[in-house]
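Below, in structure tokens: the form predicted alone, a single chain.
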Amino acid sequence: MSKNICFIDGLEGILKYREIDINQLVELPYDAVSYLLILGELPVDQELAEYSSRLHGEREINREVMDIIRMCKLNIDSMEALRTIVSFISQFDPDINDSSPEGNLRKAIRLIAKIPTIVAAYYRMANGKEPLPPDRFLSHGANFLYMIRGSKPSQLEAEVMEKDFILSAEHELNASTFSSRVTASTLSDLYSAVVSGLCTLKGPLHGGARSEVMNMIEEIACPENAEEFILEKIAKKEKIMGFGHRVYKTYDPRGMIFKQLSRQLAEAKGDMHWYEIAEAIENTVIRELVEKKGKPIYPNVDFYSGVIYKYMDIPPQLATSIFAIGRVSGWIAHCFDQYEKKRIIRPRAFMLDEC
């Protein structure tokens, strides 16, 4: 059942994948969490080694895909390139017409493995650099940072990127997961379902919020400006990006972990600037909206993840694509669940009034 993929208690701030708390899962490799989501249980050492070997062996993309990436405009958001390329690579998958569980698993592994390579290749080309081949000996997070930078990240940066992917991997029936499930419910192929998820994630009210957080932090520029900026937003009744959630009525557990990680990065780099801006923003929002007005407006998954990207020199244009790198395992888990049901999702129009 889909409810077993993810459990959320919005009042207590609890998030679990397959009945395992997120605070435990962030201590694992992304590959293990991906395995858990897709196959339903944590792998033993040998299973994880085999799964990771298959993932790492499918990271490369062929020359034809590189040519299409070069044809994309280089000043667009990376999500626009990513959705095009994921659709394009489906024709090279030898299992594209194999809808058996085994065929779908092989497609899943290729998607999870290749999406980081696509994002990194587009980013490098957009910045006038040649793409780098993936390093199959690096972890999911370390390899991605290597491919965009051209140098291996520090151990802390690699661990933070790995945790970022884990924290982004799954979150029940959010908008992009629901759109992926709708596509899968028609028994369309896995690539089509993932493209549906990508198109939905791109919106600024969903995955696009992360880049908006980064832009907001840059606009504020220093901690002393944060209070006035937020007070003006509140006075105008404008949305403060990175705050509030439809499900959580307390602190988003992912947001709490991201806050801890952003502080670790700030301290390791000897630069508290971005963290202090974010903390000043949070303190003002909590004081004005939570304490004074009783509204459950706390930092969500996007807020401190934006701070992390600032410290790792990841530009806003990549933020949503990085979210997709992590989330694809969750989309696939839901698609597999939907394929088993063999029943089309067909809501009634009157249900829109509740949205």
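Just so you know, these numbers come straight off a predicted model, no measurement behind them. Note that residue numbering begins at 1 and tracks the sequence as displayed.
One more form of this protein exists, namely the form predicted together with a small molecule; it is left out here, but the text below deals with it.
Chemist: Does Arg83 reach the small molecule in the predicted bound form if we count a contact as any heavy atom within 4.5 Å?
Modeler: Contact check for Arg83: no, nothing within 4.5 Å of the small molecule in the predicted bound form.
Chemist: Look up in the predicted bound form whether Ile240 has a non-hydrogen atom within 4.5 angstroms of the small molecule, and give yes or no.
Modeler: Residue-level check for Ile240: yes, a contact with the small molecule.
Chemist: Applying a 4.5 Å heavy atom distance criterion, does His206 contact the small molecule in the predicted bound form?
Modeler: The answer is yes: His206 has a heavy atom within 4.5 Å of the small molecule.
Chemist: So in the predicted bound form, does any heavy atom of Phe323 sit within 4.5 Å of the small molecule?
Modeler: Contact check for Phe323: yes, within 4.5 Å of the small molecule in the predicted bound form.
Chemist: Among Pro153, Pro253, Pro131, Gly244, which has at least one heavy atom within 4.5 Å of the small molecule in the predicted bound form?
Modeler: The residue from Pro153, Pro253, Pro131, Gly244 that makes the contact is Gly244.
Chemist: Of Leu28, Met312, Leu42, Ile297, which one comes within 4.5 Å of the small molecule in the predicted bound form, counting heavy atoms only?
Modeler: The residue from Leu28, Met312, Leu42, Ile297 that makes the contact is Ile297.
Chemist: Work out which of the listed stretches, 135-143, 69-77, 95-103, 197-205, brings a heavy atom within 4.5 angstroms of the small molecule in the predicted bound form.
Modeler: Among the listed stretches, the partner-contacting one is 197-205.
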